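Consider the single chain below, provided in structure tokens and representing the form predicted alone.
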């Protein structure tokens, strides 16, 4: 099978499909793309299956050499992208041919870039998914991030018609985000003052942000819970450890945990958080579960209605 040779792997480049579901009982986390919006658009622009395997390139620095004729698209964070030394546009599909060299520079707005090829990368699933989880050493290529010399197999297939996503439909990556939060049953463990502090304070992303969780720094919040049994953890759960500094748990989170949780960031907002860099700021807004349901349904409807334009 043909594919791409990795000449420069970048800081952290991982293969992902939509995630590993149904494996929490085995102690395996979900994984999958941190910014599922950019990931989904990459596959849709190429006409791929929604679960086709793509590359998530954190912060950039990836270089590949093609051993195949295929089509590709680059979405997500803004980065300088070049094909054989010439600049190419993101969110536009284009052909690549055997012998071509592709370079994705370092991100200037946002942090996660997504690269998709027609049909997706041909990666053998592990526990039902190709998503790479470094802690568990599963998925991707031998459960590891890309290394120089790795080979990414895929099937030759070029698009007959090319398209792009209009600027008005693309996500905007800034240096601040308001994250909407649905409270959970443990919210009562935080008194009214602690809840007020949490929802009326601005927090800064620390340098301890990764695919497991984003640690924040700011006004401390404390729970009345002294100890609790470990329990399952959802995407976006906001844990409050003993130091009172919130942790928003992300795709590679542990499957269970024992810190009290003041609520959960809704799934539509976790990609916005994932595209922020250390030092950037977030604040939280409380919403009802009914509002979260409406936001989810409207976001899905907008994605379906949005139409790529022909090049």
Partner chain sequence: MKIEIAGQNAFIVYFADQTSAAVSAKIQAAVDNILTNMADCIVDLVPSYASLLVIFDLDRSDPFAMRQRLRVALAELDSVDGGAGDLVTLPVYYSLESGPDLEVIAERGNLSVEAVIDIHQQQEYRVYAIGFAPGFAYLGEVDERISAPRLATPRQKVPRGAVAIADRQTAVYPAVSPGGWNLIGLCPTRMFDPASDPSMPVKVGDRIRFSAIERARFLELGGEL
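Positions refer to the first chain, counted from 1. Since this is a predicted model, take the numbers as computed values, not measurements.
Although it is not shown, the form predicted in complex with the partner chain is what the next lines describe.
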Practice task
Establish, in the model of the complex, whether 89, 109 and 305 all lie within 4.5 Å of the partner chain, using non-hydrogen atoms for the distance.
Solution key: no
Practice task
Report whether the minimum heavy atom distance between residue 286 and the partner chain in the model of the complex is within 4.5 Å.
Solution key: no
Problem - Partner proximity in the model of the complex: residue 138 to the partner chain, non-hydrogen atom cutoff 4.5 Å - result: yes
Practice task
Report whether the minimum heavy atom distance between residue 192 and the partner chain in the model of the complex is within 4.5 Å.
Solution key: no
Practice task
May I ask you to state whether residue 127 is within 4.5 Å of the partner chain in the model of the complex, using heavy atom distances?
Solution key: yes
Handout entry: Heavy atom within 4.5 Å of the partner chain in the model of the complex - the one residue of 201, 183, 158, 206 that qualifies
Key = 183
Fill in the blank from the handout: With the partner omitted here, the residue among 51, 245, 277, 255 that in the model of the complex has a heavy atom within 4.5 Å of the partner chain is 255
Practice task
Given that the partner is absent here, state which listed stretch (65-73, 22-30, 277-285, 41-49) has heavy atoms within 4.5 Å of the partner chain in the model of the complex.
Solution key: 22-30
Problem - Partner contacts in the model of the complex for 254-283 (non-hydrogen atom within 4.5 angstroms of the partner chain) - result: 254, 255, 256, 263, 264, 266, 267, 268
